[in-house]
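Structure 1 and structure 2, given next as structure tokens, are two forms of the same protein chain, each shown alone.
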Structure 1
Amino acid sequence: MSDITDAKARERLIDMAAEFYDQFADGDIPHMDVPTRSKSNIVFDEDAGVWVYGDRTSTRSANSVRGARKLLKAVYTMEFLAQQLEENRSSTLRELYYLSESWDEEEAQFNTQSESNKLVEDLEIVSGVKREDFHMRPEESGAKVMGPLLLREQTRRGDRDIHCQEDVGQGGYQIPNDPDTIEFLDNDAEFVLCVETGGMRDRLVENGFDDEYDALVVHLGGQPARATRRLTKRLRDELDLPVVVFTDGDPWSYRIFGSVAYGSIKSAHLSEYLATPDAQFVGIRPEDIVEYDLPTDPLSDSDVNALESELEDPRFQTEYWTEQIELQLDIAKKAEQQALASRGLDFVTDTYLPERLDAMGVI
């Protein structure tokens, strides 16, 4: 569970605003320093086993009109979040973007949602408080869990005990925006299988893979939301379950695995909270494309650029990933998870996954 109370989160926001006043009082130009969020400023934390931001920082300063606007927007957002916490309410990132249109100072209003999203991330980093503790929610990610797990979820209508097979339909249990409101009560799971696509997730559930292998099947829903990554980490840390990731065989999907295992660049300040360093990659591997003669698509120019970038990405600089990426560049092909259906609808659950997971020592 989170150890940041609403009062503490609100206090951090007020302290940040007070720093601007102190800077004014001291005759300094108001400013806010945040870590530089780029690949070149990612360093490996040996103790935590995850990638985090390094020492390089960027300054949001009022020494220009553009910089002053950014700080103005930050102050208005701080005020909104502080009031939200005081009233024990919550809002989505999308709502924040639209809410800014009602602010009395036009210069404080956001031009795009990406601008407001990035500012919330800045406030997280500087304050040391997660956006969830500011009562900020993303839009629904749709990520779900199916498997032998009994949990208790805190809701505004009271606690609910839910079994992620017996008490849910084929769709599974939907992960809440703040998975720290979940208490694990009991489980018969042997491992966690994170799956990129909804189609493959549905195939595994329809074929009873979760039941036959006592697997917790977590649908990542593409690039996984923070709530999905947080729940995955908790399943690993608190239930001691191995975590494996099953994606398409393309550079963008490898980054999905990277965000689960190593953390993402944009949320490197939360890697210890979100990343699962010993998560393993199941596939689709470039070697699978060759071994199983899978149906493929040619690599696009953007795919090639992404693969070449990953060869320089510190999160992928291992012998395994170098070998696989170079192989993919050599064959110039990519494949989807569903390409395994070319060998039959049951191939993935009867042959591919059991053989791969057995070789990995998971089952």
Structure 2
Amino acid sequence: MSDITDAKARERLIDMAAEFYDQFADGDIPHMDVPTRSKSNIVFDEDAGVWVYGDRTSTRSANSVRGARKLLKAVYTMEFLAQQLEENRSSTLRELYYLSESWDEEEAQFNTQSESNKLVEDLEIVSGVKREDFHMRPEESGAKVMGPLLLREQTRRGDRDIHCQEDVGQGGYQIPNDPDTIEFLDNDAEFVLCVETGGMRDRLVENGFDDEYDALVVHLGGQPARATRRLTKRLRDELDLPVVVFTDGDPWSYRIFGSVAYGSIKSAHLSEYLATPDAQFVGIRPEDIVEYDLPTDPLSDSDVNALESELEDPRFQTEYWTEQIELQLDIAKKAEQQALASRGLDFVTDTYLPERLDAMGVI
């Protein structure tokens, strides 16, 4: 999926609706084919280096009342999106759900928000247009950036030139909902460091790590928002910067790394747009827990299950991850990134990160 203009996005919506007319004209029952969205239907795209949906599809057809109702909802949603684009407005997934209550045809209204969310994802996949290009904003905007980068953001109130160290407070630059409104003007950055927790992000900024190593510190804030992943991918592609990810040392955090590097199963149709395939994992590695003798917590049952499920996950079937996950199951321990503070507040910036980044060839 590439960036497209509002007019083009609108055209694709109308094309999808026209398809139904063609099906009617041909005497076919109207239907829509959507890739099956499950772990068993994702495949590795060698060219793009990301995981995408495979060939299996599911069909939404008007050959049942239930199916016909689904297509009716799809058509109403297409109309709403087309109008939104025409008026240069935007809305959130939740607003769409509520807004459907104002539609004249009661059968077209959504019963739950997961229904409308899923429909918008279907439309993304079928149209090849990502929802941001339909002006569907996520509920929450992305996280924040600190580092030697001058950017221009196109806002509704005009362009803003912002340097992500000199023009922002200690909190950094707030990534907008749609980071494709950003243009990179200039930078002195050597690499991008994505950090899971706010506490660690603040530690790095306080210790001046972004300054000393010319790092762009991107706060992920747990499972990263689409906007954060998109910006990270653009920093990689457009500025040719290596991307490294620094999280807690537990299976949930490996998934955070996975969503940055490989894309998520739920949005594999967006992998090319959101994923940074050559992102590297800094740690906390199970190996680090041993090597740096970090304070740990025991693995819970659900941790063990999550690790075992990762061993089965095609995205984690590399030598590196198999080794690390098996080691972790073996030592039966996990550690948070802030556990590095047990060696002193500067250990992470004076010792751990320099050692790791050097070993990884990033600095």
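Only the largest set of C-alpha atoms that superpose within 1.5 Å between the two forms is called the rigid core. Treat the numbers as computed from the prediction; the structure is a model and nothing was measured. Along the sequence of structure 1, residues get numbers from 1 upward.
Asker: Quick one, which of these two is the form predicted together with another copy of the chain?
Answerer: Structure 2, which is the form predicted together with another copy of the chain, differs in this respect from structure 1.
Asker: Core aligned, does the CA of residue 152 move at least 2 Å between structures 1 and 2?
Answerer: Result for residue 152: no, shift under 2 Å.
Asker: On a rigid core superposition, would residue 280 pass a 2 Å threshold for CA movement between structures 1 and 2?
Answerer: Result for residue 280: no, shift under 2 Å.
Asker: Residue 20: after superposing the rigid core, is there a C-alpha shift of 2 Å or more between structures 1 and 2?
Answerer: Passes the 2 Å threshold, so yes.
Asker: Quick one: CA shift at residue 59 between structures 1 and 2, core fit, Å?
Answerer: A shift of 3.4 Å.
Asker: Would you mind giving the Cα movement of residue 106 between structures 1 and 2 in Å, after fitting on the rigid core?
Answerer: Value for residue 106 between structures 1 and 2: 5.6 Å of C-alpha shift.
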